[in-house]
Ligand SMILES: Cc1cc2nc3c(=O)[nH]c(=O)nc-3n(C[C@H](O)[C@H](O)[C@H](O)COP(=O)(O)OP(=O)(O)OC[C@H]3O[C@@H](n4cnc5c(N)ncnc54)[C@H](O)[C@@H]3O)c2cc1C
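Read the single chain below, which is given as C-alpha cells and is the form predicted alone.
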C-alpha cells in the first residue's frame, strides 16, 4: 500500500490549543497535520470570551503554567505579526455573603505571593470600580488587576497564519473515527477522508477527548457540559471598566427538578460596546450544541440583578458549545501511559491563557522527549484526581433526562 498522508506529527482538534501546538511544532521544523472534524474553532474555542485570566487558576499545581503562559501575551502580537485584540483589563467577582468571601480567602492569600494580584474590596470600592453595580445585598467583591482579554478567533488565526507559512497541512471537515495502534504504539488516525500516519499524535480535542479515548480502551476522567452565552447590540448607556463575574448562581428547571440550567454571571464588553453575557451550564455527557429554552432567560435574570440598566439591552445572538472540566481542575496534559506516541492536551480550565505554553510544552515533548518549562507530572492523563479547589462546579451525569427537548 502506498502511503501518502505521512507526517512527523498529527494534531487532532483545531481549537486554540491545537492551533498553538501546530504553530510551535511547525516553527520547530516538524511536518505537521492538523485535523479538525468541522471548521477551525467550531467547539469551545470559538464560543468563549477570550479571557486571558489567571485569578481562577487551580492553586496547587497550575500557577507556574498560567503565569508563564500569561506573560507570553506581552509579545505575542509582535511574534505572530498581527493583532489578536489583546487588551489589559481587570476582573471583578461580586460576592453576596461573607461565606462567599471565605471560600476565596485561601486563594487571596496564595495568588498575590505568586505575583497574581487578587484582593477583597468592600462595597464602596466596588461602586468606585463599576458605578452601575446594584449594591443591594452585596457583601463586596474580589478584584484582580493582572488580567486581559483577546479575540479568540484572531488568536487562532494568528497561530494558523504562521503555521501555514511554515508548511502546516490543515484538514478541516475531517472527522477522526479511530486511532491506529500497532504493537502498543500509535501509528496514525482513521478519518472520514482516509488514513493519516504518524508515530506522534496529539489529542487537543477538549470535549471529544473522552469519546476518542474509549475507542482505544482508555477512560480518561474528563466530563462535558454545554455552556451557553449571548451577545447584545451595542449599548452606549453602560461602559464596563472590568470583566465582571458573580459568586452567586441560579438554577432554572428545564424538564423537571433534576434537570436544570445552572447559571452564573460572566459579563464583558467589547471595545465596540457590545456586551458578552454568560454563563448557563447544562450538565450531561452530550456533544451537541443545542441551547435550552431557559438559558437566555437565566443569563438575563442574573445579569440584570447586578446591572439593572442592562434590562434595556437587546440580545442579538445566543450560542452553546460543549466544554469540559476535570475533577481536580487541572488539564490532561502529557504522554498517555502504555501507549507510546500519544499525547493529550485537553480540558484546560482556561484554554485561552494556557494556549501559548501548551504549544511549547507539547513541542518539547515531541522534540526532546521531556518538558523542562514547568512540572507537568501533576497533569498526567491517568492520574488519580481529588476534588477541585473551586466554588462553582458542574456535576455532569449521563442520562436520557438531560437530553435537549425537541
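None of the values given here were measured: they were computed from a predicted structure. Numbering follows the first chain given and starts at 1.
Omitted here: the form predicted in complex with this ligand. The next part is about that form.
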{"query": "This ligand in the predicted bound form: contacted by all of 130, 139 and 302, heavy atom 4.5 Å", "finding": "no"}
{"query": "Touches this ligand in the predicted bound form: residue 374 (any heavy atom, 4.5 Å)", "finding": "no"}
{"query": "Residue 351, heavy atom within 4.5 angstroms of this ligand in the predicted bound form", "finding": "yes"}
{"query": "This ligand contact at residue 208 in the predicted bound form, heavy atom, 4.5 Å", "finding": "yes"}
{"query": "This ligand contact at residue 45 in the predicted bound form, heavy atom, 4.5 Å", "finding": "yes"}
{"query": "Sole residue of 174, 162, 326, 292 within 4.5 Å of this ligand in the predicted bound form, by heavy atom", "finding": "174"}
{"query": "Among the candidates 310, 229, 76, 111, the residue which, in the predicted bound form, approaches this ligand to within 4.5 Å (heavy atoms)", "finding": "229"}
{"query": "Interface segment, criterion being heavy atoms within 4.5 Å of this ligand in the predicted bound form, picked from 360-368, 59-67, 377-385, 28-36", "finding": "28-36"}
